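Next up is one chain by itself, shown in structure tokens, the form predicted alone.
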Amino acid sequence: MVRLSDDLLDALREVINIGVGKAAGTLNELLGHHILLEVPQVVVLGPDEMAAHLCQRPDETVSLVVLQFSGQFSGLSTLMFTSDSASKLVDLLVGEETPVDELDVIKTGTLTEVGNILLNAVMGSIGNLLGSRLSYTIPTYQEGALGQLLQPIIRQESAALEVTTRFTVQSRQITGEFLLLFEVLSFDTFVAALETALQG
């Protein structure tokens, strides 16, 4: 698997920050709350590292928004919150308490919309940088054990970019994880396109 150099990783972090900034502006307008989104770190995970990542907390209940992309490179982009963080985010955005264990229309709709806005903004920024036109599916929402949700979509040969995203809403911080999972050979194509874009 191709690894990213420090320069490439810094460039990718910068372009993801641009996408996150656009998402924050859109969320501010739609929801009427000042939302600050930060990207404190971007980490490349190989197959073994992804497996180890899952093993650390396979039974943890999470909320997951999944968006499939295809084009020059293909894969899945996901936005994941722990059950507690998901409920806190929904409570802040809709102005009412939502029980942690209740998967209702408001919670599903709110998290799906937040995920859709964030994932599209980030993938759009990456596509613009690389000059790649990407197609997307309609985002889907899932809730359950981390291992059960992610294991089926992680392939042995795949690679992933893990981005930790911090939401600050009304002075309260909520942390989410953005995973960019590449299909077989797509990560090498992605890295080659990133190198070409930066050299140009």
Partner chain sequence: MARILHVDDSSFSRLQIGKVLKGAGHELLQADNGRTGLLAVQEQTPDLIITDILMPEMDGIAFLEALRDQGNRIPVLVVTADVQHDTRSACLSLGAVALLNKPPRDDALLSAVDRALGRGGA
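Residue numbers count along the first chain shown, from 1. Keep in mind that this is a model prediction, so the values were computed, not measured. In this text, the rigid core denotes the largest set of C-alpha atoms whose superposition between the two forms falls within 1.5 Å.
Beyond the structure shown, there is the form predicted in complex with its partner chain, which is absent from this document and is the topic of what follows.
Asker: Spell out, yes or no, whether the shortest heavy atom distance between Glu60 and its partner chain in the predicted bound form is within 4.5 Å.
Answerer: Contact check for Glu60: no, nothing within 4.5 Å of its partner chain in the predicted bound form.
Asker: If you check in the predicted bound form, is Thr189 within 4.5 Å of its partner chain, heavy atoms only?
Answerer: Taking the distances in the predicted bound form, the answer for Thr189 is no, it never comes within 4.5 Å of its partner chain.
Asker: Does its partner chain come within 4.5 Å of any heavy atom of Glu38 in the predicted bound form?
Answerer: Yes, contact at 4.5 Å.
Asker: Taking heavy atoms only, is Leu129 within 4.5 angstroms of its partner chain in the predicted bound form?
Answerer: Because a heavy atom of Leu129 falls inside 4.5 Å of its partner chain in the predicted bound form, the answer is yes.
Asker: If you check Ser70, Thr175, Asn28, Gln151 against its partner chain in the predicted bound form, which one has a heavy atom within 4.5 Å?
Answerer: Among Ser70, Thr175, Asn28, Gln151, a heavy atom within 4.5 Å of its partner chain in the predicted bound form occurs only for Asn28.
Asker: If we check its partner chain in the predicted bound form, which of the residues in 9-28 reach within 4.5 angstroms of it by a non-hydrogen atom?
Answerer: If the 4.5 Å heavy-atom criterion is applied to its partner chain in the predicted bound form, 9-28 yields Asp10, Ala11, Arg13, Glu14, Val15, Asn17, Ile18, Gly21, Lys22, Ala24, Gly25, Asn28.
Asker: After the core is overlaid between this form and the one not shown, has the C-alpha of Val66 moved by 2 angstroms or more?
Answerer: The answer is no, as the C-alpha of Val66 shifts between this form and the one not shown by less than 2 Å after core alignment.
Asker: Spell out whether the Cα of Leu30 moves at least 2 Å between this form and the one not shown when the two forms are superposed on their rigid core.
Answerer: Yes, because once the rigid core is superposed, the C-alpha of Leu30 moves 2 Å or more between this form and the one not shown.
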